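Given as structure tokens, the chain that follows is alone and in the form predicted on its own.
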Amino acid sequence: MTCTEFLAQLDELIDDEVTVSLRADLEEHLRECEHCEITLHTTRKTIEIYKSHEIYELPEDVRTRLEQAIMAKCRKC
């Protein structure tokens, strides 16, 4: 399994939606690839942190300025 193939299955692995056979292949790849192991752990940690925080509503003036800044940046591209 290549890193690209691993990354293509990352969502399914995290959601525990892979077959037993595919899980074995993914775990074998993780034993051999530190980069993908770090990617998996970082992604899981990011999801955990995100889920543990409440949604913060931006004040309307901040939201408006942010949207304007994003749109101005997009027009430059």
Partner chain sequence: MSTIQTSGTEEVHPDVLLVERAKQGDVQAFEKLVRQYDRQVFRIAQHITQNREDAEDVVQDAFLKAYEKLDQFQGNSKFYTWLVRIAVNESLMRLRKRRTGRMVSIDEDVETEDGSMPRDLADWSPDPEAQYSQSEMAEILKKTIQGLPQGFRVVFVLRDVEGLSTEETAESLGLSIPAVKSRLLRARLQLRERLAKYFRKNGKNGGGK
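We call the rigid core whatever largest set of C-alpha positions still superposes within 1.5 Å between the two forms. Numbering follows the first chain given and starts at 1. Here the structure is a predicted model, which means the values were calculated and not measured.
One more form of this protein exists, namely the form predicted together with its partner chain; it is left out here, but the text below deals with it.
> Check residue 20 for me: does it contact its partner chain in the model of the complex (non-hydrogen atoms, 4.5 angstroms)?
Looking in the model of the complex, residue contacts with its partner chain do not include residue 20, since no heavy atom lies within 4.5 Å.
> Using heavy atoms and a 4.5 Å limit, would one call residue 7 a contact residue for its partner chain in the model of the complex?
Because a heavy atom of residue 7 falls inside 4.5 Å of its partner chain in the model of the complex, the answer is yes.
> Answer with yes or no whether residue 24 is in contact with its partner chain in the model of the complex, where contact means some heavy atom within 4.5 Å.
Answer no; every heavy atom of residue 24 is more than 4.5 Å from its partner chain in the model of the complex.
> Can you tell me whether residue 31 touches its partner chain? I mean in the model of the complex, with a 4.5 angstroms heavy atom cut-off.
Result no; residue 31 lies far from its partner chain in the model of the complex.
> Going through 41 to 70, which residues have a heavy atom within 4.5 Å of its partner chain in the model of the complex? Please give them in sequence order.
Result: 41, 42, 43, 45, 46, 47, 49, 50, 51, 52, 53, 54, 55, 56, 57, 58, 59, 60, 62, 63, 65, 66, 67, 69, 70.
> Taking the rigid core as the reference frame, tell me whether residue 8 has a CA displacement of 2 angstroms or more between the shown form and the other one.
No; residue 8 is a residue whose C-alpha shifts by less than 2 Å between the shown form and the other one when the cores are overlaid.
> Does residue 64 shift between the shown form and the other one by 2 angstroms or more at the C-alpha, the core having been superposed?
Yes, its C-alpha moves 2 Å or more.
> Pin down for me whether the residue 50-residue 68 Cα distance shrinks or grows in the model of the complex relative to this form (closer or farther, change of 3 Å or more).
It is farther: the C-alpha separation of residue 50 and residue 68 rises by at least 3 Å in the model of the complex.
> Against the shown form, C-alpha atoms of residue 46 and residue 66 in the model of the complex: closer or farther, for a change of 3 Å or more?
Relative to this form, farther apart in the model of the complex.
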